[in-house]
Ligand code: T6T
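Read the single chain below, which is given as structure tokens and is the form predicted alone.
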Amino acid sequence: MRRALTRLAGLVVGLGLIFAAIPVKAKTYTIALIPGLTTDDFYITMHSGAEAAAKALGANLIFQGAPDFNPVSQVPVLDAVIARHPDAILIAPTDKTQLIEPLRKAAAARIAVITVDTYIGTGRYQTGSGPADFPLSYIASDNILGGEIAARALGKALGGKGKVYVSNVKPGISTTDQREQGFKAEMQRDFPGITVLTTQFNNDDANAAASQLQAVLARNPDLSGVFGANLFSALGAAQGVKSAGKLGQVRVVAFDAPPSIVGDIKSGLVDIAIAQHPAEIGWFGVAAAYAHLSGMSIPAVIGTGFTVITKDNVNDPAVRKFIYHD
């Protein structure tokens, strides 16, 4: 994992140097950012990073999305953005399969397509094969690595022993699928004394996640930890732990770090939070689109980093800066 983090850091530094050299053109490009949903702190923070890059490069930024993370809601928004014919679209697809054909319309209209946070197909673009390889780049956290980091943090907190499970949204969402994959692989590889129970899918409903935690606990009174693969999963599971009177006994790892995570960590509701860097995703998204439109080549994958937040470091300004905006 240390080698992976080193490669990730090197890539981010290298990209920063490349994008710093992008010539600001006389033409003003229009770049659209379509988030997974508009009301989530993660995407609000991504928008702020995209705005900063657009301002620095003299580009126009359109921010338009749906209020919920659902392909049925997102496709009409995408169609409306395509009708405005921006020069590039940055989008967090809400389904790996259902967004392929709608995004193909954008590519057919000669609009540059870059996916951010989530992807279509396998996320491997520009390979010359497959129905979903046409986007220019995928810019996101390395979610497999994020799952590994969560497993390592929880495994160490439990002393390498106990029973844990993953509280997840639903199959088919690229990011949360990969976080679960990384979590399970790391547990199997480095923490053989920890048993990973069956994943519980809550359909992004915190109340369902809370009920599932209590059901798992009833079957496994010695449950010692849960990994919430997204924020609603984690906070729902945490409420289940609290309702069961098990705070401090069942450790909760949350993926993502909205402003409320500070209070949750200080109160003990959440033990560990894995903060992504969404502002970097937005910044690199706009910069990559601008670089492509300016005639430069861009990487097919651009990875951003993570910060692990605990009660020990939550007041550190170097850590607090990675908590999302509301």
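Please read these numbers as outputs of a predicted model, since none were measured by experiment. Basically, rigid core = biggest C-alpha set you can superpose within 1.5 Å across the two forms. Start at 1 with the first residue shown and count on from there.
Quick note: we don't show the form predicted together with alpha-D-tagatopyranose (T6T), though the next part is all about it.
S.K.: Quick one: does F232 come within 4.5 Å of alpha-D-tagatopyranose (T6T) in the predicted bound form, counting heavy atoms only?
M.R.: Flag for F232 set to yes.
S.K.: Could you tell me if D117 has a non-hydrogen atom within 4.5 Å of alpha-D-tagatopyranose (T6T) in the predicted bound form?
M.R.: Answer yes; at least one heavy atom of D117 falls within 4.5 Å of alpha-D-tagatopyranose (T6T) in the predicted bound form.
S.K.: Heavy atom to heavy atom, is D142 within 4.5 Å of alpha-D-tagatopyranose (T6T) in the predicted bound form?
M.R.: D142: no contact with alpha-D-tagatopyranose (T6T) in the predicted bound form.
S.K.: Although the partner isn't part of this model, could you tell me whether E186 comes within 4.5 Å of alpha-D-tagatopyranose (T6T) in the predicted bound form, counting any heavy atom of the residue?
M.R.: Outside the cut-off, so no.
S.K.: Within 4.5 Å of alpha-D-tagatopyranose (T6T) in the predicted bound form: all of T45, S260 and F322, by heavy atom?
M.R.: No: none of T45, S260 and F322 comes within 4.5 Å of alpha-D-tagatopyranose (T6T) in the predicted bound form.
S.K.: Of the options Q74, T175, S137, N202, which one has a non-hydrogen atom that comes within 4.5 Å of alpha-D-tagatopyranose (T6T) in the predicted bound form?
M.R.: Filtering the options by heavy-atom distance leaves T175.
S.K.: Of 83-91, 152-160, 205-213, 117-125, which is the one stretch near alpha-D-tagatopyranose (T6T) in the predicted bound form, taking non-hydrogen atoms within 4.5 angstroms as near?
M.R.: It is 117-125 that comes within 4.5 Å of the partner.
S.K.: Within 4.5 Å of alpha-D-tagatopyranose (T6T) in the predicted bound form, which residues of 257-279 have a heavy atom? Give them in sequence order, or say none.
M.R.: The one in contact is Q276.
S.K.: Cα of I100 displaced 2 Å or more between the shown form and the other one, core superposed?
M.R.: I100: C-alpha displaced by less than 2 Å between the shown form and the other one.
S.K.: So with the core overlaid, does the Cα of L136 end up 2 Å or more away between the shown form and the other one?
M.R.: No: L136 shifts by under 2 Å between the shown form and the other one.
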